[in-house]
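The form predicted on its own is given below as one chain in structure tokens.
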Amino acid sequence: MSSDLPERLTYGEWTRALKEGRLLGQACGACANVLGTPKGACPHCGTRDLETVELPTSGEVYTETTVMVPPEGVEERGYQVAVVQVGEARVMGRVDGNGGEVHVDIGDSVELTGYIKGEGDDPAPLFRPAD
């Protein structure tokens, strides 16, 4: 493990890293599964032996959808979210580009460009098509 990575990844550390333009995940010491968001235990084998790892900030769209009926309290409609394969992990985030007129398809290359603020201080990764 790198010396600047937390021993145990918390949601607060994950969001702090995201705000710095980094993606952190967890690698399972038992089954080698890599997770894109902090968990208390590996969802595949159940072990709590999870090591914090740095994830790539670019990847490939694994799946995507356009949200036409947003959650309560969100006025914007027609925005795209995607699950992005970054290294061995998958991370869900918002897709946006210049003025929001960007669309990606499954298999497209994307890169992390920042984060979008949710309610409170809950950021979500923001991706755009890679050049």
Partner chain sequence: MTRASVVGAGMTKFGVHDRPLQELFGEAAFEAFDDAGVEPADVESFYFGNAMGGQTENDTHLAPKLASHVGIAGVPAQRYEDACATSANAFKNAVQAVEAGIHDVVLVGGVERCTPQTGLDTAEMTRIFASASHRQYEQPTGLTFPGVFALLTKRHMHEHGTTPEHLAHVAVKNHEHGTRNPRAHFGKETTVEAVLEGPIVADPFRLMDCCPFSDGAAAVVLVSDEVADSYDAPVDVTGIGHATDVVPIGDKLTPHVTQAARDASAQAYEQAGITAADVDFAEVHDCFTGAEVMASEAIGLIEDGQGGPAAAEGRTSYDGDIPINASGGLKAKGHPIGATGAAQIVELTEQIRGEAGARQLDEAEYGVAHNLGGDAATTLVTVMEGRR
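Everything numeric in this text was worked out from a predicted model, so none of it was measured. Numbering follows the first chain given and starts at 1.
Same protein, other form: the form predicted together with its partner chain, not shown, and the subject of what follows.
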query	finding
Any non-hydrogen atom of V83 within 4.5 angstroms of its partner chain in the predicted bound form	yes
Contact test in the predicted bound form: T66 vs its partner chain, heavy atoms, 4.5 Å	yes
In the predicted bound form, E111 touching its partner chain (heavy atom, 4.5 Å)	no
Contact label in the predicted bound form: G46 to its partner chain, heavy atom within 4.5 Å	no
